[in-house]
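Next comes just one chain, in structure tokens: the form predicted on its own.
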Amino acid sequence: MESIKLKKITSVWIIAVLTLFVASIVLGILMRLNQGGVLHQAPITFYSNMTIHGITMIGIWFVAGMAGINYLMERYVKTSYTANLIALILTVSGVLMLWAVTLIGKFHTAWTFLYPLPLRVMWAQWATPTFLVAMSILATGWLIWGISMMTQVLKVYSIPQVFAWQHFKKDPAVKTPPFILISMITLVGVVTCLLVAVLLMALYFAEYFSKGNFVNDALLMKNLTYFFGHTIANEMLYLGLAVIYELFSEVGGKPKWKTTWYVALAWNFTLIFILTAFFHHLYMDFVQPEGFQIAGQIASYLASLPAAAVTVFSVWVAVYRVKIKWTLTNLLFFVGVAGWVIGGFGAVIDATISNNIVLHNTQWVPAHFHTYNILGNVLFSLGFFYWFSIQFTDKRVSEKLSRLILSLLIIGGAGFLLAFYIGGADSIPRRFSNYPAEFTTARPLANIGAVFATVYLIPILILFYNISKRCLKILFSSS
């Protein structure tokens, strides 16, 4: 049974995530309006906004997934409130430092902070070490949280059981819940990429304080950066999928999904593929060993297929010609799975080497990762947020308002993304603060994207109000 403290800290996570999400959407709209020529930001302002927009979005939806599985994991094992609290304190500290170094210190390397950009000080002198400290704080807090959850699970389930290996045999004596399997698979990847993040920050610090006596290898630093950044951006999707496996059928009034041999096999393969798919970000680095490029191509194709195929099949079986209880929660889950799959197709297209030569660093890249985020992973977490908020109150969003929320999310999200996809297909580069006249479609598409992003923001504000209001009641209640 979930403790009062767990309910309250989960409420804090939800309110913090939604607040930062609204702020980050506004920054994104301002950037698109600047690219469209409606606004005229200084380039440094644009790239500072882009840096904090990207880092914040990745960070908040990662911790949203972590908060979701931490809360639901209490059904199976006793989780650590202390680790949860440490993660919250360090996350708040790290985020405040990040917003300070970008908005005040004008740090503007983009969220990828590719080497050696953070060490080429083109902003306030204090911003670089503060940025590195902030990233170290975030990685440390999340690492403690992830290791804590893994440790607690392993107190109840053995290593073979958490990976559901016994399900490869018929009628296993111990049945591993899908939630435990997917959570553990994901946490292994999370802890691995966070350990790499700590190593990456240590290497940056070593060069920064060496006064030129130590210089990092640029290719190694780029591999470490993308291993961390790409992996954590994908693992947050799987945190959301763990929540779906636990709640989708339950919310619909049907029996919970069970782990089968093909579910176990798919997710075990996913663990391998997701840790090697990042190589597709380095296709243009011709000094990279050719074997890594081939591995990246194969892993990029296979990373999402097992998990996606099994999840889509499970969702389809759960709803096809089956009368279930539809609520805003499982509707958000259902639409989110569709958005995740569409974004995955866009990613596979870009990850194909022959296509990547054309699409590399065009707007196709933000198109695909915004797809599986704003119409995929975000909806997974919003579904959990809404489900959590109504557990302790009788009042729910009306059916009419639910339809409005979903319609605006889909229309706003699809229009915003389509502008990116068309821009990518037209070879419009990403990350330009202003587009020269030669890119004739760039400005109109940017403004169209801003309009649809504003449409998308409307239902987010509605959900922000409804969910936060309930979470505040939970936070200040005595039970």
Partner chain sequence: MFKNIVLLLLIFGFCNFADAQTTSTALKEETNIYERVYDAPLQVVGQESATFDELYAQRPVILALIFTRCTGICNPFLVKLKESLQFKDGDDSFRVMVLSFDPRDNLSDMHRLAQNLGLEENEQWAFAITDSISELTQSVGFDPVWDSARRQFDHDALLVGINREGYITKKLIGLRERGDLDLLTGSINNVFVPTYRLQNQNMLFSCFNYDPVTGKNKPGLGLIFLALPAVLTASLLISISILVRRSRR
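It should be emphasised that the depicted structure is a prediction, and the values quoted were computed from it without experimental measurement. Positions refer to the first chain, counted from 1.
The next section is about a form of this same protein that is not shown, the form predicted in complex with its partner chain.
Using heavy atoms only and a 4.5 Å cut-off, determine which of Met201, Leu328, Ile232, Leu224 is in contact with its partner chain in the model of the complex.
If I apply the 4.5 Å criterion carefully, the residue I get is Leu224.
Of Asn216, Ser93, Ser136, Ser402, which one comes within 4.5 Å of its partner chain in the model of the complex, counting heavy atoms only?
Of Asn216, Ser93, Ser136, Ser402, the residue with a heavy atom within 4.5 Å of its partner chain in the model of the complex is Asn216.
Find out whether any non-hydrogen atom of Gly291 is located within 4.5 angstroms of its partner chain in the model of the complex, and reply yes or no.
Contact with its partner chain, no.
Non-hydrogen atom contact Ala124 with its partner chain in the model of the complex at 4.5 angstroms
Ala124 lies outside the contact set for its partner chain.
Looking in the model of the complex, any heavy atom of Tyr115 within 4.5 Å of its partner chain?
Heavy-atom contact with its partner chain at 4.5 Å: present for Tyr115.
Phe313 within 4.5 Å of its partner chain in the model of the complex, heavy atoms
Phe313 belongs to the contact set for its partner chain.
Joint contact, Lys155, Val188 and Leu220 to its partner chain in the model of the complex, by non-hydrogen atom at 4.5 Å
All three within 4.5 Å in the model of the complex.
Please identify, from 349-357, 382-390, 174-182, 105-113, the stretch that has a heavy atom within 4.5 Å of its partner chain in the model of the complex.
That would be stretch 349-357.
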